[in-house]
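Quick setup: one chain, the form predicted alone, written in C-alpha cells, and binding and motion questions come after.
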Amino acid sequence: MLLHTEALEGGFASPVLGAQATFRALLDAMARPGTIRTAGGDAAPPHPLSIAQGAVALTLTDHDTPVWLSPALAHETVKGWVGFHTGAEIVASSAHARFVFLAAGEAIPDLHGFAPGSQDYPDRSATLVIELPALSGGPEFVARGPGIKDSTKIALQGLPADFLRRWAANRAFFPLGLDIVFTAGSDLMALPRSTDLQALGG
C-alpha cells in the first residue's frame, strides 16, 4: 500500500530529543494529576490527531503496543502516520489495545470496553488518550490521591455528564483499571487510576 505523503511527514525533527521531552512532560503529569503540561514540540500529526496526541503516540507506542483509533481517527492517513512513525499495530478491537486515541467531539465510550490489566500484570491495561475542547473552563471536580497535596480542582471541558460515575467504577478496580491522558492541542493532563474524583462540594 502506498502511503500518502502526509503520513510520512510530521514526526519529531529529532526523534530522541522529542520523545525525551514528551516523556518528561507525561511523567510529570502522571506524578501530579490535575496539572497541565505542554508536549509535542515540532510534531505535526495529520488532522484530527492533535499535537499532544501525536507526541504521545510517537513517545509511548512501538511494535509491541497495539493501538486502537476511534472512528474519526481511523482513516488511512492517521493509521499510516502512526504505523510509519511508531511501528505500532492498529487493532480493530478496543478491548485488545494498550493505547486508545479518541478525537475531539467524539462520544467517550464506556470504560468497561477497554483492557483493565490483570492481577498478575496490572500494567497491561489500556491508556486512553482523549482530545477535549479545553483542559480548563469546564465543570469543576475535586481530585485527591497520590501526587496531590490535599486536593486540587480540575475543570475539563467536553466530558460526558456521567463521567464521575464511570471514573468511580474504574477506580474501584484498582490496582487494575485504566489511566487517561486528556489532551487539548499541545497541552495534556493525566488522570491515573489512583486518583479520586468528586463533584465540587461533594
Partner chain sequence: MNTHETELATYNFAYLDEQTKRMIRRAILKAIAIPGYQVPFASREMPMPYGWGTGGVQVTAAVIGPEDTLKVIDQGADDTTNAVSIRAFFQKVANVAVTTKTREATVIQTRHRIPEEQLTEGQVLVYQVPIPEPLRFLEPRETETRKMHALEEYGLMHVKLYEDIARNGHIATTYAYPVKVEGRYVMDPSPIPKFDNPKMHMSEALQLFGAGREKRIYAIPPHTKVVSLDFEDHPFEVQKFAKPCALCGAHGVYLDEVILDDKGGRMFVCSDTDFCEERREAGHVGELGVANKEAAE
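Since we're looking at a predicted model, the values are computed, not measured. Residue numbers count along the first chain shown, from 1.
Only in words, not in the display: the form predicted in complex with the partner chain, which the text now covers.
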## Note on the structure
the partner chain in the model of the complex has a heavy atom of only one listed residue within 4.5 Å, and of 158, 145, 46, 41 that residue is 145
### Task
Considering only heavy atoms, tell me if residue 179 and the partner chain come within 4.5 Å of each other in the model of the complex.
yes
### Task
Answer yes if any heavy atom of residue 61 is within 4.5 Å of a heavy atom of the partner chain in the model of the complex; otherwise answer no.
yes
### Message
Just checking whether residue 168 would be counted as a contact of the partner chain in the model of the complex - the rule being heavy atoms within 4.5 angstroms.
### Response
no
### Message
Whether residue 51 contacts the partner chain in the model of the complex should be assessed with a 4.5 Å heavy atom distance threshold; does it?
### Response
no
### Task
Determine the residues of 108-132 with a heavy atom within 4.5 Å of the partner chain in the model of the complex and present them in sequence order; the list may be empty.
119, 120, 121, 122, 123, 125, 126, 127
